[in-house]
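Okay, here we've got a single chain as C-alpha coordinates, the form predicted alone, with questions on binding and movement later.
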Amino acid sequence: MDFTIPEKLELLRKSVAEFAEREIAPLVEDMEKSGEFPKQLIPKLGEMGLLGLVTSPDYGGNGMGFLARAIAIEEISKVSAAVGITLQVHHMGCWPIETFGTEEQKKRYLPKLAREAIGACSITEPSGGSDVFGMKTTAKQEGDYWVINGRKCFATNSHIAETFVIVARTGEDAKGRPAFSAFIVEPDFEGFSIGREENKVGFRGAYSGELIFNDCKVPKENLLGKEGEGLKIALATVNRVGRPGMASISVGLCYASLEEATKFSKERVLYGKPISNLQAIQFLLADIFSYAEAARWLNYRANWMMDQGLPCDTEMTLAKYVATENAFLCARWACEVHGGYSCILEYPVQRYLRDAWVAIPSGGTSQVAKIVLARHVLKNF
(Lines give C-alpha, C1' and ligand atoms only; values in the text may rest on other atoms or scores of the structure.)
Protein backbone atom coordinates (compact mmCIF):
# COMPACT_ATOMS: atom_id res chain seq x y z
CA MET A 1 0.00 0.00 0.00
CA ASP A 2 1.73 3.16 -1.24
CA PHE A 3 0.42 6.57 -0.23
CA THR A 4 3.13 8.47 -2.10
CA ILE A 5 1.73 11.11 -4.44
CA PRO A 6 3.42 10.75 -7.86
CA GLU A 7 5.94 13.47 -8.66
CA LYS A 8 3.94 14.72 -11.65
CA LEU A 9 0.94 15.32 -9.38
CA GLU A 10 3.03 17.21 -6.83
CA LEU A 11 4.30 19.36 -9.70
CA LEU A 12 0.68 19.87 -10.73
CA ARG A 13 -0.17 20.92 -7.17
CA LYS A 14 2.65 23.46 -7.16
CA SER A 15 1.78 24.93 -10.56
CA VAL A 16 -1.95 25.16 -9.77
CA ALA A 17 -1.25 26.78 -6.39
CA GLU A 18 0.96 29.39 -8.07
CA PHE A 19 -1.67 29.94 -10.76
CA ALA A 20 -4.39 30.42 -8.16
CA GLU A 21 -2.37 32.99 -6.21
CA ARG A 22 -1.37 34.85 -9.36
CA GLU A 23 -4.57 34.78 -11.42
CA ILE A 24 -7.46 34.11 -9.02
CA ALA A 25 -6.59 35.70 -5.66
CA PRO A 26 -6.72 39.29 -7.03
CA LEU A 27 -10.27 38.64 -8.31
CA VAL A 28 -11.81 37.23 -5.13
CA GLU A 29 -12.86 40.53 -3.55
CA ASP A 30 -14.77 41.63 -6.65
CA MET A 31 -16.36 38.19 -6.92
CA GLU A 32 -17.56 38.43 -3.33
CA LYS A 33 -19.10 41.84 -3.93
CA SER A 34 -20.65 41.26 -7.34
CA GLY A 35 -21.41 37.54 -7.22
CA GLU A 36 -20.24 37.35 -10.83
CA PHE A 37 -17.70 34.98 -12.31
CA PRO A 38 -14.74 36.71 -14.03
CA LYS A 39 -15.08 35.46 -17.60
CA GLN A 40 -11.53 36.52 -18.44
CA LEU A 41 -10.43 33.61 -16.26
CA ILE A 42 -11.96 30.95 -18.54
CA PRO A 43 -9.27 30.92 -21.26
CA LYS A 44 -6.59 30.92 -18.54
CA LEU A 45 -8.15 27.84 -16.97
CA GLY A 46 -8.03 26.29 -20.44
CA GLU A 47 -4.39 27.20 -20.98
CA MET A 48 -3.52 25.63 -17.62
CA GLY A 49 -5.18 22.41 -18.74
CA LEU A 50 -7.68 22.57 -15.89
CA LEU A 51 -10.75 22.46 -18.14
CA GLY A 52 -9.59 19.22 -19.74
CA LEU A 53 -8.29 17.33 -16.70
CA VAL A 54 -10.66 14.38 -17.08
CA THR A 55 -11.06 14.59 -20.86
CA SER A 56 -9.05 12.23 -23.06
CA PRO A 57 -6.27 13.66 -25.28
CA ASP A 58 -8.26 12.15 -28.16
CA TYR A 59 -10.75 14.99 -27.63
CA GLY A 60 -8.45 17.85 -26.68
CA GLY A 61 -7.98 17.20 -22.98
CA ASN A 62 -4.91 16.09 -21.05
CA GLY A 63 -6.51 13.04 -19.44
CA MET A 64 -4.62 13.40 -16.17
CA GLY A 65 -7.44 11.70 -14.29
CA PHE A 66 -9.43 12.06 -11.11
CA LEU A 67 -6.67 12.14 -8.51
CA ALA A 68 -5.08 14.97 -10.48
CA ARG A 69 -8.48 16.66 -10.60
CA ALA A 70 -8.87 16.31 -6.82
CA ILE A 71 -5.48 17.93 -6.20
CA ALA A 72 -6.11 20.75 -8.70
CA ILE A 73 -9.57 21.62 -7.36
CA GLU A 74 -8.24 21.46 -3.81
CA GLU A 75 -5.54 24.03 -4.57
CA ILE A 76 -7.93 26.26 -6.51
CA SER A 77 -10.46 26.15 -3.67
CA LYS A 78 -7.90 27.17 -1.06
CA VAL A 79 -7.94 30.51 -2.86
CA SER A 80 -11.54 30.54 -4.19
CA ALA A 81 -14.12 27.85 -3.62
CA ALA A 82 -16.31 29.68 -6.14
CA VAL A 83 -13.81 28.98 -8.91
CA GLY A 84 -13.47 25.46 -7.52
CA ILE A 85 -17.17 24.69 -7.92
CA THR A 86 -17.26 26.33 -11.35
CA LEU A 87 -14.50 23.97 -12.43
CA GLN A 88 -15.98 20.90 -10.78
CA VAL A 89 -19.42 21.35 -12.36
CA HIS A 90 -17.73 22.03 -15.70
CA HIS A 91 -16.22 18.53 -15.43
CA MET A 92 -19.71 17.21 -14.67
CA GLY A 93 -20.69 18.57 -18.07
CA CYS A 94 -17.73 16.93 -19.84
CA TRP A 95 -17.50 13.47 -18.31
CA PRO A 96 -20.98 12.16 -19.27
CA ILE A 97 -20.47 13.25 -22.88
CA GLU A 98 -17.23 11.29 -23.11
CA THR A 99 -18.60 8.33 -21.13
CA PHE A 100 -22.04 7.96 -22.71
CA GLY A 101 -21.91 10.06 -25.87
CA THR A 102 -21.56 9.07 -29.50
CA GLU A 103 -18.31 9.66 -31.33
CA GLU A 104 -19.95 12.54 -33.16
CA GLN A 105 -21.03 14.15 -29.88
CA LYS A 106 -17.57 13.76 -28.39
CA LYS A 107 -15.87 15.36 -31.39
CA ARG A 108 -18.39 18.17 -31.54
CA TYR A 109 -18.38 19.26 -27.89
CA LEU A 110 -15.35 18.01 -25.99
CA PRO A 111 -12.45 19.81 -27.73
CA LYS A 112 -13.97 23.21 -27.07
CA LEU A 113 -14.91 22.28 -23.50
CA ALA A 114 -11.37 21.05 -22.87
CA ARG A 115 -9.77 24.32 -23.96
CA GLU A 116 -11.98 27.39 -23.92
CA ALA A 117 -15.61 26.87 -22.90
CA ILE A 118 -17.48 26.08 -19.70
CA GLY A 119 -19.92 23.19 -19.42
CA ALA A 120 -22.57 22.27 -16.87
CA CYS A 121 -24.77 19.43 -15.72
CA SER A 122 -28.17 20.27 -14.26
CA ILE A 123 -30.54 17.81 -12.59
CA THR A 124 -32.12 19.65 -9.64
CA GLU A 125 -35.62 21.07 -9.97
CA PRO A 126 -37.81 23.19 -7.68
CA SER A 127 -39.44 19.95 -6.51
CA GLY A 128 -36.09 18.92 -5.00
CA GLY A 129 -32.71 17.53 -5.96
CA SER A 130 -32.81 14.30 -3.97
CA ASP A 131 -36.24 13.27 -5.28
CA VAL A 132 -35.17 12.41 -8.82
CA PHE A 133 -38.38 10.50 -9.51
CA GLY A 134 -40.28 13.70 -8.75
CA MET A 135 -38.61 15.42 -11.70
CA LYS A 136 -41.25 17.32 -13.69
CA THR A 137 -39.28 18.46 -16.76
CA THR A 138 -40.50 16.47 -19.77
CA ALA A 139 -39.17 15.68 -23.22
CA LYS A 140 -41.26 14.39 -26.11
CA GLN A 141 -39.96 13.42 -29.52
CA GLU A 142 -41.55 15.29 -32.40
CA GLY A 143 -39.99 14.55 -35.77
CA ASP A 144 -36.31 15.41 -35.77
CA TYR A 145 -36.45 17.09 -32.35
CA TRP A 146 -37.03 16.41 -28.71
CA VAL A 147 -39.31 19.12 -27.29
CA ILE A 148 -38.47 19.87 -23.66
CA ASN A 149 -40.64 21.71 -21.15
CA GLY A 150 -39.82 22.45 -17.56
CA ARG A 151 -37.39 24.21 -15.30
CA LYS A 152 -34.12 23.44 -13.55
CA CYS A 153 -32.89 25.35 -10.50
CA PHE A 154 -29.60 25.84 -8.63
CA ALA A 155 -27.80 25.16 -11.91
CA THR A 156 -24.13 25.98 -11.36
CA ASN A 157 -22.51 27.78 -14.33
CA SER A 158 -25.99 28.73 -15.55
CA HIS A 159 -24.97 32.10 -16.95
CA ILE A 160 -21.61 31.17 -18.50
CA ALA A 161 -21.93 27.58 -19.75
CA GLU A 162 -21.91 26.93 -23.48
CA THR A 163 -23.03 23.32 -23.12
CA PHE A 164 -25.52 21.80 -20.67
CA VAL A 165 -26.21 18.15 -19.89
CA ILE A 166 -29.76 17.90 -18.54
CA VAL A 167 -32.19 15.11 -17.68
CA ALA A 168 -35.91 15.05 -18.47
CA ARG A 169 -38.78 12.63 -18.11
CA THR A 170 -39.52 10.80 -21.35
CA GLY A 171 -42.29 8.41 -20.35
CA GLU A 172 -42.51 5.24 -18.29
CA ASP A 173 -40.55 2.01 -18.15
CA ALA A 174 -41.96 -1.50 -18.46
CA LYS A 175 -42.95 -1.47 -14.78
CA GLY A 176 -44.84 1.80 -15.04
CA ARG A 177 -42.19 3.85 -13.28
CA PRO A 178 -41.02 7.24 -14.62
CA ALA A 179 -38.34 6.91 -17.30
CA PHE A 180 -35.76 9.60 -17.94
CA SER A 181 -33.35 10.51 -20.70
CA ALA A 182 -30.33 12.81 -20.89
CA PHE A 183 -29.76 15.54 -23.45
CA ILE A 184 -27.01 17.92 -24.56
CA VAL A 185 -28.43 21.44 -24.76
CA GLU A 186 -26.85 24.58 -26.19
CA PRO A 187 -27.84 28.07 -24.95
CA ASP A 188 -29.09 29.23 -28.37
CA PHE A 189 -31.54 26.35 -28.88
CA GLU A 190 -35.04 27.61 -29.62
CA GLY A 191 -37.19 27.69 -26.48
CA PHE A 192 -34.27 27.64 -24.04
CA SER A 193 -33.51 30.57 -21.73
CA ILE A 194 -31.65 31.39 -18.54
CA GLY A 195 -33.80 32.53 -15.63
CA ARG A 196 -32.97 34.19 -12.34
CA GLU A 197 -29.51 34.20 -10.83
CA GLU A 198 -29.46 33.14 -7.18
CA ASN A 199 -27.92 35.55 -4.65
CA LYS A 200 -26.04 33.07 -2.45
CA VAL A 201 -24.47 33.40 0.97
CA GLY A 202 -21.44 31.40 -0.20
CA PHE A 203 -19.64 30.44 -3.41
CA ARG A 204 -20.02 34.05 -4.44
CA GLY A 205 -18.74 34.47 -7.96
CA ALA A 206 -20.01 31.06 -9.05
CA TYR A 207 -23.24 31.43 -10.97
CA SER A 208 -26.27 29.48 -9.78
CA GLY A 209 -29.48 30.01 -11.68
CA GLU A 210 -32.54 28.68 -13.44
CA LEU A 211 -32.69 26.92 -16.79
CA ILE A 212 -36.07 27.38 -18.48
CA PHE A 213 -37.40 25.10 -21.21
CA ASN A 214 -40.45 26.39 -23.07
CA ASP A 215 -41.04 24.05 -26.00
CA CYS A 216 -37.25 23.89 -26.30
CA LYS A 217 -36.28 22.11 -29.52
CA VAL A 218 -33.29 19.80 -29.06
CA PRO A 219 -32.07 17.92 -32.17
CA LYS A 220 -32.67 14.19 -31.84
CA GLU A 221 -28.94 13.56 -32.29
CA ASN A 222 -28.40 15.39 -28.97
CA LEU A 223 -29.96 12.57 -27.00
CA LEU A 224 -27.12 11.46 -24.68
CA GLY A 225 -26.93 7.71 -24.35
CA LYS A 226 -30.04 5.71 -25.09
CA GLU A 227 -33.60 6.75 -24.40
CA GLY A 228 -34.43 5.80 -20.82
CA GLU A 229 -30.81 5.90 -19.60
CA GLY A 230 -31.06 9.40 -18.15
CA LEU A 231 -31.29 8.35 -14.52
CA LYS A 232 -28.29 6.06 -14.88
CA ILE A 233 -26.28 8.87 -16.50
CA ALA A 234 -27.37 11.40 -13.88
CA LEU A 235 -26.55 9.21 -10.89
CA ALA A 236 -23.21 8.12 -12.34
CA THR A 237 -22.24 11.74 -12.98
CA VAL A 238 -23.24 12.87 -9.49
CA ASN A 239 -21.58 9.91 -7.76
CA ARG A 240 -18.34 9.76 -9.69
CA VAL A 241 -17.75 13.40 -10.64
CA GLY A 242 -19.99 15.63 -8.53
CA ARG A 243 -19.38 14.17 -5.10
CA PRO A 244 -15.58 13.88 -5.34
CA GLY A 245 -15.56 17.38 -6.81
CA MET A 246 -17.40 18.74 -3.78
CA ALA A 247 -15.08 16.76 -1.53
CA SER A 248 -12.04 18.33 -3.23
CA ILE A 249 -13.45 21.83 -2.79
CA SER A 250 -14.08 21.06 0.88
CA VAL A 251 -10.57 19.70 1.42
CA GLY A 252 -9.27 22.98 0.01
CA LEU A 253 -11.43 24.86 2.51
CA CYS A 254 -10.12 22.69 5.35
CA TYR A 255 -6.52 23.56 4.55
CA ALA A 256 -7.29 27.21 3.89
CA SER A 257 -8.83 27.34 7.38
CA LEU A 258 -5.78 25.62 8.84
CA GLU A 259 -3.33 27.99 7.19
CA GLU A 260 -5.22 31.15 8.14
CA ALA A 261 -5.85 30.03 11.72
CA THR A 262 -2.19 29.08 12.21
CA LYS A 263 -0.95 32.34 10.72
CA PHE A 264 -3.32 34.43 12.85
CA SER A 265 -2.43 32.55 16.04
CA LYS A 266 1.27 33.31 15.56
CA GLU A 267 0.67 37.01 14.86
CA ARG A 268 -2.04 37.78 17.42
CA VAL A 269 -0.48 38.77 20.75
CA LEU A 270 -2.33 38.66 24.08
CA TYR A 271 -0.78 39.05 27.53
CA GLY A 272 2.53 39.72 25.82
CA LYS A 273 2.66 36.39 23.94
CA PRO A 274 1.28 34.97 20.67
CA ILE A 275 -2.01 33.17 21.26
CA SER A 276 -0.41 30.13 19.58
CA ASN A 277 1.20 29.55 23.01
CA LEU A 278 -2.23 28.97 24.54
CA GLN A 279 -3.27 25.34 24.85
CA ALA A 280 -6.88 26.18 23.97
CA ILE A 281 -5.70 27.57 20.62
CA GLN A 282 -3.34 24.66 20.05
CA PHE A 283 -6.22 22.23 20.56
CA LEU A 284 -8.26 24.06 17.93
CA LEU A 285 -5.37 23.91 15.46
CA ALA A 286 -4.91 20.20 16.20
CA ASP A 287 -8.60 19.58 15.50
CA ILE A 288 -8.50 21.49 12.21
CA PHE A 289 -5.39 19.59 11.11
CA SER A 290 -6.88 16.20 12.06
CA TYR A 291 -10.16 16.82 10.26
CA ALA A 292 -8.39 18.22 7.19
CA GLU A 293 -6.11 15.20 6.89
CA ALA A 294 -8.99 12.75 7.30
CA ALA A 295 -10.98 14.51 4.56
CA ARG A 296 -8.00 14.70 2.21
CA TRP A 297 -7.05 11.04 2.35
CA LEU A 298 -10.59 9.72 2.09
CA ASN A 299 -10.95 11.86 -1.02
CA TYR A 300 -7.62 10.81 -2.50
CA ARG A 301 -8.49 7.14 -1.99
CA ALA A 302 -11.85 7.51 -3.73
CA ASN A 303 -10.36 9.36 -6.69
CA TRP A 304 -7.48 6.92 -6.98
CA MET A 305 -10.01 4.09 -7.13
CA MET A 306 -11.84 5.93 -9.91
CA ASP A 307 -8.60 6.18 -11.88
CA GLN A 308 -8.02 2.44 -11.42
CA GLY A 309 -11.47 1.61 -12.73
CA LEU A 310 -12.54 0.13 -9.38
CA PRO A 311 -16.09 0.30 -8.00
CA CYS A 312 -16.06 3.37 -5.77
CA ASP A 313 -19.54 4.86 -5.42
CA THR A 314 -19.57 4.22 -1.66
CA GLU A 315 -16.08 5.66 -1.26
CA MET A 316 -17.07 8.75 -3.25
CA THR A 317 -20.12 9.28 -1.06
CA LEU A 318 -18.06 8.78 2.11
CA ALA A 319 -15.43 11.27 0.93
CA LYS A 320 -18.07 13.87 0.07
CA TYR A 321 -19.92 13.45 3.36
CA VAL A 322 -16.84 13.61 5.57
CA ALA A 323 -15.09 16.39 3.63
CA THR A 324 -18.06 18.77 3.48
CA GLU A 325 -18.96 18.29 7.14
CA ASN A 326 -15.30 18.62 8.17
CA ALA A 327 -14.85 21.79 6.11
CA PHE A 328 -17.63 23.49 8.05
CA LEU A 329 -16.13 22.43 11.38
CA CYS A 330 -12.61 23.48 10.34
CA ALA A 331 -13.86 26.89 9.24
CA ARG A 332 -15.82 27.34 12.46
CA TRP A 333 -12.78 26.45 14.56
CA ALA A 334 -10.66 28.82 12.49
CA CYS A 335 -13.22 31.53 13.28
CA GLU A 336 -12.88 30.70 16.98
CA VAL A 337 -9.12 31.17 16.72
CA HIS A 338 -9.76 34.59 15.18
CA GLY A 339 -12.24 35.59 17.85
CA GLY A 340 -14.00 38.84 17.02
CA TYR A 341 -11.84 39.32 13.94
CA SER A 342 -13.68 36.43 12.29
CA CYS A 343 -16.66 38.77 11.91
CA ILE A 344 -14.62 41.25 9.86
CA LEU A 345 -14.93 40.76 6.09
CA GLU A 346 -11.26 41.41 5.40
CA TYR A 347 -10.41 38.15 7.19
CA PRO A 348 -11.11 35.23 4.85
CA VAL A 349 -12.16 32.73 7.54
CA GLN A 350 -15.73 34.08 7.43
CA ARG A 351 -15.79 33.33 3.69
CA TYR A 352 -14.54 29.79 4.31
CA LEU A 353 -17.41 29.27 6.77
CA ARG A 354 -20.00 30.55 4.29
CA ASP A 355 -18.56 28.50 1.42
CA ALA A 356 -18.41 25.33 3.55
CA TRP A 357 -22.04 25.84 4.57
CA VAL A 358 -23.13 25.92 0.92
CA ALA A 359 -20.94 22.90 0.07
CA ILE A 360 -22.79 20.57 2.45
CA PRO A 361 -26.04 20.23 0.42
CA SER A 362 -24.33 20.57 -2.96
CA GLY A 363 -24.18 17.28 -4.82
CA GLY A 364 -26.45 15.58 -2.29
CA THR A 365 -27.24 16.42 1.32
CA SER A 366 -25.48 14.77 4.25
CA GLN A 367 -28.71 12.95 5.06
CA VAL A 368 -28.80 11.39 1.58
CA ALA A 369 -25.15 10.41 2.00
CA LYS A 370 -25.98 8.71 5.31
CA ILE A 371 -28.73 6.69 3.62
CA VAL A 372 -26.25 5.49 0.97
CA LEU A 373 -23.63 4.65 3.60
CA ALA A 374 -26.16 2.91 5.85
CA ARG A 375 -27.27 0.68 2.96
CA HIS A 376 -23.62 -0.26 2.42
CA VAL A 377 -23.17 -1.07 6.10
CA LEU A 378 -26.32 -3.19 6.32
CA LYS A 379 -25.33 -5.12 3.21
CA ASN A 380 -21.69 -5.74 4.08
CA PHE A 381 -21.37 -5.94 7.84
Partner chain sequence: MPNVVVCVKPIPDPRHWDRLFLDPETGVLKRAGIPPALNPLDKNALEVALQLKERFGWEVTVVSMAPPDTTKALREALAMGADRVYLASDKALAGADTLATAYTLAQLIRKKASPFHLVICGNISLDGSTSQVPAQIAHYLGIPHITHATHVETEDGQLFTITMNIKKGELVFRCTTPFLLAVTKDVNLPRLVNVMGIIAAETKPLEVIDARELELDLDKVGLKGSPTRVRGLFIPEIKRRREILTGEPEEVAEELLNKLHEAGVL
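Computed from a predicted structure; not experimentally measured. Positions refer to the first chain, counted from 1.
A second form of this protein, the form predicted in complex with the partner chain, is not displayed here; the remarks below concern that form.
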Decide yes or no: are 14, 50 and 53 jointly within 4.5 Å of the partner chain in the predicted bound form, with each residue judged by its heavy atoms? yes
By the heavy atom within 4.5 Å rule, which residue out of 35, 348, 46, 38 makes contact with the partner chain in the predicted bound form? 46
With the partner left out here, check for me: in the predicted bound form, does some heavy atom of residue 62 sit within 4.5 Å of the partner chain? yes
Does the partner chain come within 4.5 Å of any heavy atom of residue 379 in the predicted bound form? no
Look up in the predicted bound form whether residue 370 has a non-hydrogen atom within 4.5 angstroms of the partner chain, and give yes or no. no
Is it the case that residue 357, even though its partner is missing from this view, gets within 4.5 Å of the partner chain in the predicted bound form, heavy atoms only? no
